[in-house]
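In the block that follows, a single chain appears as structure tokens, in the form predicted alone.
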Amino acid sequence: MQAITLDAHGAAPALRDDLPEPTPAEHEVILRVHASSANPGDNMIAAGLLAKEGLEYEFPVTLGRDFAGVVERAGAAVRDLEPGDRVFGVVLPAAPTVRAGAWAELIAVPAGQAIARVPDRVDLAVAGAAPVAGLAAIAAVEALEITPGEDVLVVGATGGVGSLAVQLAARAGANVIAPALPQDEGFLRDLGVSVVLPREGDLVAAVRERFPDGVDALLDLVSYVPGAYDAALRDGARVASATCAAGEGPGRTNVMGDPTPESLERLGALLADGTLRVPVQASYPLARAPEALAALETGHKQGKLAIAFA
């Protein structure tokens, strides 16, 4: 079986074709993966950063978190899924060791955890690119408690989480503001951004020039410490971040997507009814998934980098 693995700390992720096919435990399903995507957390795992947090790596570690595919077999105790079901979800990074991932032809996934059916109107390619970023975007926008007409600054709007969050914020009635390069303007406006500001230079000054009283809410998806854009906020503004940059205090929330079956079903419904679409900048075959990880680190993003299985 083919998979993209990390075979030792310090090794480069690479394709292997000699891994055994999984067999389902009592409460697991075996699914054939059709689609996935690259996320920043995949690079963290590949770099060994979870070991620094005290988590044990059990090599070879299969990389990848997002998945969409078709159930091939079900364990004896599984009642709600059966062969042929189209499903999507997230492979949890440490259960209990860092070992399992989605970038393999066949994977074993616990039924009843981070898995749900894909709605009929949603392609597996779309479903495979959505879970990690989509759940984080939903959590972030909900944390901001947007009311119609509010000015919401989204820093990192062109990335995977950002490109989904701006759609949800615009849907909630926000006047969405985003810093961007000139080549990003059309992309962002198509997603629902109302005001595009220059990414280079003093962003806080640019916000204050356009909004002298400051903005009502901030979604910071690029900083790793709080406070980078606080001077752009009006008194009482709310802040959310998926990178732990919100800080502490009233109205400040650091978010993580919660991959429960219920939250995935909600994400699937948003994809099915057209509320949310997943922009895909590029798609890589499984064998080239390490290139997607490199592009995620060094390239300029407009949406997601997808992984397509043959």
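Remember, it's a predicted structure, so these values are computed and weren't measured experimentally. Residues carry their position along the shown sequence, with the first being 1.
Not pictured, yet referred to below: the form predicted in complex with a small molecule.
> In the predicted bound form, is there a heavy atom of the small molecule that lies within 4.5 Å of any heavy atom of R189, even though the partner is absent here?
Residue-level check for R189: no, no contact with the small molecule.
> Looking at the partner-bound form in the predicted bound form, is T260 within 4.5 Å of the small molecule by any heavy atom?
Output for T260 is no: heavy atoms all beyond 4.5 Å of the small molecule.
> Using 4.5 Å between non-hydrogen atoms, is M44 touching the small molecule in the predicted bound form?
Close contact exists here: in the predicted bound form, M44 approaches the small molecule to within 4.5 Å, heavy atoms only.
> Should L221 be counted as a contact of the small molecule in the predicted bound form, where contact means heavy atoms within 4.5 Å?
Yes, L221 sits close enough to the small molecule in the predicted bound form that at least one of its heavy atoms falls within 4.5 Å.
> When you measure heavy atoms, are A136, G160 and T243 every one within 4.5 angstroms of the small molecule in the predicted bound form?
Looking in the predicted bound form, the three residues A136, G160 and T243 all sit within 4.5 Å of the small molecule (heavy atoms).
> Pick from L271, V255, A35, I30: which has a non-hydrogen atom within 4.5 Å of the small molecule in the predicted bound form?
By the 4.5 Å criterion, the partner-contacting residue is V255.
> In the predicted bound form, which of the listed residues (R99, R199, R86, R73) lies with a heavy atom within 4.5 Å of the small molecule?
Checking each option against the small molecule in the predicted bound form, the one that comes within 4.5 Å is R199.
> Sort through 232-240, 152-160, 113-121, 100-108 and report the only stretch with a non-hydrogen atom within 4.5 Å of the small molecule in the predicted bound form.
So the stretch in question is 152-160.
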